[in-house]
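Presented as structure tokens, the chain that follows is alone, the form predicted on its own.
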Amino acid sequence: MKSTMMAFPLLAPSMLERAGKLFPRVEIMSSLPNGDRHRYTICDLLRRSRRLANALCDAGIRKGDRVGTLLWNGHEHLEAYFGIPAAGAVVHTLSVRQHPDELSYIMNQAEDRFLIVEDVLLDIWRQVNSRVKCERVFVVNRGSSLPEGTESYEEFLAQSVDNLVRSDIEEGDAAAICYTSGTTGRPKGVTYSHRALVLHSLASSMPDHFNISRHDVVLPVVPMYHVNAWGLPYSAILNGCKQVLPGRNLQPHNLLDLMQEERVTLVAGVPTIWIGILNALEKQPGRWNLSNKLRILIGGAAAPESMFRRFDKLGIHAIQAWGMTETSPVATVCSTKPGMETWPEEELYKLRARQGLPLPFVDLRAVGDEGSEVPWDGQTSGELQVRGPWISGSYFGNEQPDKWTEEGWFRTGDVVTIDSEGYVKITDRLKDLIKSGGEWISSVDLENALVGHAAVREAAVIAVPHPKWQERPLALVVLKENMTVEPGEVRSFLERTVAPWQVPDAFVFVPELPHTSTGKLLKGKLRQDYSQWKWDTEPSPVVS
């Protein structure tokens, strides 16, 4: 017996169509490069997205064609999120921090036909212009002259109409494509279907996950080119939320001003952003009057327990989530189960620092070296593998097919434990684990322990070859402003919670650490920079 339910496709533009009817006066605020704030409504967003879609169709865009975006977080980028898929095309968000070589490679591999670029990013465009084959380039310009061979984005929209666009889009069609950060080899493209984006928006909005409602004011600090800002622009529109888009002004004071003045209730970013925010709040207590409903979403890298403790002291609730470009991106969120509120404080903080429980419809498992699933005992580690309706089944161009098993499981490369309650804890990346004397050492656990020291702002731990132990951990430490500490003190601090054989043999204090464009530590660069590190013949406990 077959169901008599309607065959109604799940389409990304449908979320905006609904919001435009039900929440037309809800505001979209964008911070412009000069510091001004641009304001319009969801109704305006709908109208301009439709204009963009029609203009693209009139310009000859075909179903499945890629349209690149080189834009900061702003209302024009939001228009592209919905307008390009409404034309049947695929929005290709490009990182504004990518090296020109990688950027041109990505654009050529994706075969971007058109490009929308912000005037303050034209220098980036000029570095790749001669190396790519974009047919037309539309510039979001605010009074500046247009470079030769480009067109005005506003004039492009003005020549079109704001009626409904095409009706032949299917939910399995690609709506967006993002590329991995390329920390291992060339960046790889991941396409997201309309159906995947809608389901992800629904699941991530649920109360035990991001808990998004129409009463929220959402500020995605995470760039809109980084896995679609974790899907927040879509889920915010789905729920009819006000959005606050910060543009390129991401300094802690600017972000805190936005959070205060726009009464933000949900904000998302990587740990490096929150380090700056926390330092500013602690340095100037009482300066910012933030919403008492404010929630902080942390992703992109494992956050230490100390970060949750610092936020709690400020009355701000922090939530850890995990995902990847290949998981669209959110796959797990950490929230407590009923009864856990009575746990001892130390245990609760350990729990909150885990990556959490899988979202509905996301299956996960940890697989050991022998290829079999490891038990959910919180102790046995294995590689995390995931599958589900918004988990990618292949890379664009079918690159690296061995990342998927025959049963469809995606091999994440993250080493995890899963406890009996189902909570995932990332202990490291496969490539970042340290094997010393036949035993594994987690660089993530050491880094999280190091930043618990009052003087430490950031830390990275890498494996360095050792003549006796195969590998030993080397710690690279960035201190907070105007703080000093002796290596022996840091070592003693670690020994309170870390087994002595796991404690790094040396501590190097550095002014800063290298990061990817999305805030992740560049462990590969650090391993390369310190590949010639020489241990003493008789290593002392600490070398500074």
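Sequential numbering from 1, following the sequence displayed. Here the structure is a predicted model, which is why all the values come from computation and not from measurement.
Omitted from view is the form predicted together with adenosine-5'-diphosphate, to which the following refers.
Not one of 74, 118 and 246 is positioned with any heavy atom within 4.5 Å of adenosine-5'-diphosphate in the predicted bound form. Of the candidate stretches 452-460, 247-255, 129-137, 296-304, only 296-304 has residues whose heavy atoms lie within 4.5 Å of adenosine-5'-diphosphate in the predicted bound form. This chain lacks the partner; the member of 141, 355, 442, 392 within 4.5 angstroms of adenosine-5'-diphosphate in the predicted bound form by a non-hydrogen atom is 355. Though adenosine-5'-diphosphate is absent from this view, in the predicted bound form it lies within 4.5 Å of a heavy atom of just one residue from 239, 181, 228, 417, which is 181. Contact annotation for residue 18: none of its heavy atoms lies within 4.5 Å of adenosine-5'-diphosphate in the predicted bound form. In the predicted bound form, adenosine-5'-diphosphate sits beyond 4.5 Å of every heavy atom of residue 199. Heavy atoms of residue 320 reach within 4.5 Å of adenosine-5'-diphosphate in the predicted bound form, making it an interface residue. In the predicted bound form, residue 520 approaches adenosine-5'-diphosphate with a heavy atom inside 4.5 Å. In sequence order, 322, 323, 324, 325, 326 are the residues of 322-345 having a heavy atom within 4.5 Å of adenosine-5'-diphosphate in the predicted bound form; the partner itself is omitted from this view.
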